[in-house]
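The chain below stands alone and is given in structure tokens; this is the form predicted on its own.
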Amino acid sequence: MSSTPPPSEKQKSSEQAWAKPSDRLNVEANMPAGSMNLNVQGRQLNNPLQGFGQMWQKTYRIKLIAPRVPATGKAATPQDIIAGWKANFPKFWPRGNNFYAPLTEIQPGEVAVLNLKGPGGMPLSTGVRVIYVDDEQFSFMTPQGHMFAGMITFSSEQEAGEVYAQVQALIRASDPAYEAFFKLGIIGKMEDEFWTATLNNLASYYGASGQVELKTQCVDPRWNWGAAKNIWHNAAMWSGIYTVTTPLRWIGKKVSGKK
């Protein structure tokens, strides 16, 4: 009579690195006053095949020259870089963009609410789910309504004695409206500036210098017309409606006596 051998420690570690499957997103983050918690709760994830626009792989990479661990001053390894990145992830984002998660460090299965500067400066509320985490990388996937349908991976590695940090996105615009802004160069430029600033802030945290390099590759030049209906979930549209109707909600609360 045969029996299945127990999983090895390596297998256990790999299993723990992946988020458990989930049909719908559930927000557990504590939202501060003035923030927007929209377009995440109950939404489904949207992988690159489910988006509308052309599919792109964008790689932002920086060689960290003489990175040091802030607490000890020792030379930072890729594992040190990822540990600090996970623990301080929101701090490295450009000003005006906020990442709200339930824990202080990135963990598999976490759902975070994002308040971003959208096209034209309009506030945009969306989110991400953490789908993978280990000592050298972690990955997010976007939900319905996000500007991009896709996956973003954050990693660090050592080559020829040099330490690199990288953000790699496999994405396509979620719907026709986002694709139009992408074609106009608006969303793409915003994305490039966002991750370039993030990597520069990461380098500064480790006392390192370096220059961000960008590599862009079109993976699929076709439009996915079957995903045109994604526009119904467009987070920029719903965030805009929420923003412009704020006075009406305030009046409604006053009339009803609610605080």
Partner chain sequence: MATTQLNLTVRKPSNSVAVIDIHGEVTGAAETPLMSAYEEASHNGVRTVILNFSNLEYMNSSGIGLLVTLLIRVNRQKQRMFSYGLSDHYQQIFQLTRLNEAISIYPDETSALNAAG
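Positions refer to the first chain, counted from 1. Keep in mind the model is a prediction, meaning the values are calculated, not measured.
Note that the form predicted together with its partner chain isn't included here; everything after this is about it.
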{"property": "Option touching its partner chain, based on a heavy atom within 4.5 Å in the predicted bound form, out of 167, 163, 112, 131", "result": "131"}
{"property": "Of 82, 116, 151, 101, the one that lies within 4.5 Å of its partner chain in the predicted bound form (heavy atoms)", "result": "151"}
{"property": "Segment that reaches its partner chain in the predicted bound form - one of 84-92, 120-128, 70-78, 134-142, heavy atoms within 4.5 Å", "result": "134-142"}
{"property": "4.5 Å heavy atom contact with its partner chain in the predicted bound form for all of 17, 44 and 157", "result": "yes"}
{"property": "Partner proximity in the predicted bound form: residue 38 to its partner chain, non-hydrogen atom cutoff 4.5 Å", "result": "no"}
{"property": "Non-hydrogen atom contact residue 226 with its partner chain in the predicted bound form at 4.5 angstroms", "result": "no"}
{"property": "Heavy atom of residue 49 within 4.5 Å of its partner chain in the predicted bound form", "result": "yes"}
{"property": "Its partner chain contact at residue 221 in the predicted bound form, heavy atom, 4.5 Å", "result": "yes"}
